[in-house]
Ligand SMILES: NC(=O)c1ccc[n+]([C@@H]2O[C@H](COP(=O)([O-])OP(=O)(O)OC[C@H]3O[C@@H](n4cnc5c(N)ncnc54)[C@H](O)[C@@H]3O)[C@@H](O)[C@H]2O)c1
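One chain comes next, on its own, written as C-alpha cells: the form predicted on its own.
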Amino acid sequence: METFTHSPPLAAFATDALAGRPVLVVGAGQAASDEASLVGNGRAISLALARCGAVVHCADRGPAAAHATVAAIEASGGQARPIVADVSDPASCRRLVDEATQGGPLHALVLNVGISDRRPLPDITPESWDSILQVNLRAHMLCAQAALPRMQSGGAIVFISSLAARMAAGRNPAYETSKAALSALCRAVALEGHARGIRANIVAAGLVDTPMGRAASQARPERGRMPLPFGRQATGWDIAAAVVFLVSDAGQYVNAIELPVDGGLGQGIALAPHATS
C-alpha cells in the first residue's frame, strides 16, 4: 500500500490568529508512547492553539500529562498553564472552568475527552454504560454549561467526536451512543450561545494515529489493516488544524456543524490513488 508524505505542520499555523486569547483545552495531555514524535489529539490541539498566540489552559486528569503539554508549549515559545481535573466528577467540571477564567473570560473551550471499555451489547453492564456516558456526554454538558456564561462574545466551543457516532462497528455501542448524543448537545449549546455570538461545533475524527489510536489497533488488529483515504490515518495535527479553524475568526460564520476529519472514510472513500502530474 502506497503511503503519502505528511509532515507535522506546526510551522503552518498562523502565529497571530489567536493572539492573547484564552483557550481551555480539556483532555490536553496524552497517553504515554515509545515514539517521541507521536502526538495525541489533545497535545496537538494545545500546541497548535499556542502557536497561533492563544494562552492555553491545559486540563487533564493526570498531573504529569498536563504539565508535559505545558512544558512542550513553553519550549516552543507559547503561553500555557496546567489544570488537573477529573471530569467524571461534576464538581471538577465547574472547578476547572473557575480556574481557567480567573484572569478573565474565555475565548474558546475545546472538549477532547472520551473513554471506552470496548464491550459489545451483550456484555454491557449498567455500571459500564453509565461510566462511559458520565465522561463522554455528561462532562461535556457540565463543562459547556459552566463555560458559556464566562466566554467572550464571539467565542467558540468545539467538541471532539468520532466517526463512530455515525458508523456502528458492533463492538462499542456505549461509546458510539455517547458520541452520537454529542450532536444533539452541540446543537443545544449553539442555540444557547448564539445570542452572544458564541458558536459550537464538532470535529468528528476518523482513524487517527495517536497513542490511544495505536492501543485501539492492538486490541482490534483489523483497525490497523483497513484501506484508508490517501493511504494513511489522520494525525493529531489534522485534528488540530480543524480546531484552529473553528475557534479562529476564519470560522466565525460556521456554527452547529459536524466537521469530519476522516479523509472521506465516512463517505465510503477507501484507498485513493495518488494523483500524479
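Here the structure is a predicted model, which is why all the values come from computation and not from measurement. When you see a residue number, it is the position in the sequence shown, counting from 1.
Quick note: we don't show the form predicted together with this ligand, though the next part is all about it.
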Subject >> Heavy atom within 4.5 Å of this ligand in the predicted complex - the one residue of 189, 205, 110, 143 that qualifies >> reply: 205
**OP:** Taking 4.5 Å between heavy atoms as the contact cutoff, choose which of 135, 185, 151, 73 touches this ligand in the predicted complex.
**Re:** 135
Original post:
Quick one: is residue 31 in contact with this ligand in the predicted complex, heavy atoms, 4.5 Å cut-off?
Top reply: yes
Original post:
Is there a non-hydrogen atom of residue 46 within 4.5 angstroms of a non-hydrogen atom of this ligand in the predicted complex?
Top reply: no
Original post:
For residue 114, is any heavy atom within 4.5 Å of this ligand in the predicted complex, or not?
Top reply: yes
**OP:** Look up in the predicted complex whether residue 226 has a non-hydrogen atom within 4.5 angstroms of this ligand, and give yes or no.
**Re:** no
Original post:
Among 101-109, 117-125, 87-95, 194-202, which stretch has residues with heavy atoms no more than 4.5 Å from this ligand in the predicted complex?
Top reply: 87-95
Subject >> Residues of 39-59 having any heavy atom within 4.5 Å of this ligand in the predicted complex, listed in sequence order >> reply: 40, 41, 42
